[in-house]
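What follows is one chain in structure tokens, specifically the form predicted alone.
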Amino acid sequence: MRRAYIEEQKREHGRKAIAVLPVHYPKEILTAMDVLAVEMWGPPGPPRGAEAGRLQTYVCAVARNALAFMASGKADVVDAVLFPHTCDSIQGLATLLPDFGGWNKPALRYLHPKGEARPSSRAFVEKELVSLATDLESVTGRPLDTERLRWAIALHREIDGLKAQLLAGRPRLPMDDGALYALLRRGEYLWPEEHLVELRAARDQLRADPVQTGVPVAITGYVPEPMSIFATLNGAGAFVAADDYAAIGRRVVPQDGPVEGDPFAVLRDRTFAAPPCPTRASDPRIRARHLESLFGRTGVKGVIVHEPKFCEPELFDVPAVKRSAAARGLPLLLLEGELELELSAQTVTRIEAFVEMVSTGRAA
């Protein structure tokens, strides 16, 4: 489906397409340069090619599957690939893919700052933004237009605002979790203006009063794969009332902050305004406070931590998540997977038992 959509965008609109590895990157620049960003979260399932063996089996499935997918020619429809510095594994793919995977198209890099805002990190990220724009000019064959970048910033700001409304108003949205997350994740490959239309339509469905009757739970982790986790949760009698997935909630930037002036300075400030995320080496104490606030204002009754195996940035932060849950007296369920296509029967049973425990108020 995504290949057909990419080909349509190139044929009908003359757009270039770039595959983007997780997680954080300045999508506004790509949109301003009429580049379709197609995010690659794996893809899920078993590796689609032997090149996955170039990485050790204890490297996360996101990196192993991405290498196999691209090396086997499955991503040949795109014009380049962008590697954010999410972790050493993903950054290393920028070298492994051309050297061992036979990739002969541009492999771009974006090094976002690690840690909190400092004069040095603010200057660093601004230079990285300019550098990425320059690299994209060589792919698109056109310069970046400043006014077009301002337009793209406003567009993505509205998209973030709509996502925030849907997540915050989750109890009032007459939609099951699977449908909501499918909608939110369509932004991983849709042209942003098309996604905006869908998000506006969903926002218009918000009711004045709650319509969700299940047990409210929080979920945090890297990426919601397999997506059947939501059908399992809903079937067990729960719904996701608070989201902290790296792929979803942690990329929704608050709407405060300036929008006028130098657009690169605006993008720089938006980078540091994003919710704390371990893939950007956020201070665990700051993240713990952020999660405590999220759990408190959403009234969740339990917390699910859903991580891929061997994802060091995420797993190193699990103690901070546990402290946040404990501070609110919330039971916690830790799930680890490898981007399977379906949940195992054991995992389904664990989720069902957890929801039953939470709904009855029993101690973990």
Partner chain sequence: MITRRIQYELAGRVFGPALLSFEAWQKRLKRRGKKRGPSPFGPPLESVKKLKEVMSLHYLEGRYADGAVPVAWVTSGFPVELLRPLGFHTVYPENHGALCGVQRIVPELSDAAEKEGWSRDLCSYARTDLGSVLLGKTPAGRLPKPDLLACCTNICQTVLYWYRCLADHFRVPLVLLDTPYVYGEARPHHLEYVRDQLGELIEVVEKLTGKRVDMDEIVGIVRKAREGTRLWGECLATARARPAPWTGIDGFFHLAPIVTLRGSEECNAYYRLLLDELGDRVKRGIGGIVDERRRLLWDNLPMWYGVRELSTLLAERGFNFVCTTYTNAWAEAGSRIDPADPMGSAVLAYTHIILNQDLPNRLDIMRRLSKDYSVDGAVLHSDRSCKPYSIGQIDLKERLARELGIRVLILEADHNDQRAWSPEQGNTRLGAFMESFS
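Numbering follows the first chain given and starts at 1. Predicted model only: the values in this text are computed from it and were never measured.
Just so it is clear, the following notes concern the form predicted together with its partner chain, a form of the same protein that is not shown.
*Asks:* Mind telling me which stretch in 168 to 176, 208 to 216, 221 to 229, 106 to 114 gets its heavy atoms within 4.5 Å of its partner chain in the model of the complex?
*Replies:* Stretch with heavy atoms near the partner: 106 to 114.
*Asks:* Work out which of 48, 328, 309, 27 lies within 4.5 Å of its partner chain in the model of the complex, going by heavy atoms.
*Replies:* Among 48, 328, 309, 27, a heavy atom within 4.5 Å of its partner chain in the model of the complex occurs only for 309.
*Asks:* Between the options 237, 275, 92, 192, which residue brings a heavy atom to within 4.5 Å of its partner chain in the model of the complex?
*Replies:* The residue in contact is 92.
*Asks:* Is residue 151 part of the interface with its partner chain in the model of the complex - any heavy atom within 4.5 Å?
*Replies:* It does not: once its partner chain is placed as it appears in the model of the complex, residue 151 has no heavy atom within 4.5 Å of it.
*Asks:* Is residue 141 close to its partner chain in the model of the complex, meaning a heavy atom pair under 4.5 Å apart or at it?
*Replies:* It does not: once its partner chain is placed as it appears in the model of the complex, residue 141 has no heavy atom within 4.5 Å of it.
*Asks:* Taking heavy atoms and a 4.5 Å cut-off, does residue 87 contact its partner chain in the model of the complex?
*Replies:* Taking the distances in the model of the complex, the answer for residue 87 is yes, it comes within 4.5 Å of its partner chain.
*Asks:* Counting only non-hydrogen atoms and a 4.5 angstroms cut-off, does residue 336 reach its partner chain in the model of the complex?
*Replies:* The answer is yes: residue 336 has a heavy atom within 4.5 Å of its partner chain.
*Asks:* Check each residue of 300 to 319 against its partner chain in the model of the complex and list those with a heavy atom within 4.5 Å, in sequence order.
*Replies:* Heavy-atom contacts to its partner chain in the model of the complex: 309, 310, 312, 313, 315, 316, 317, 318, 319.
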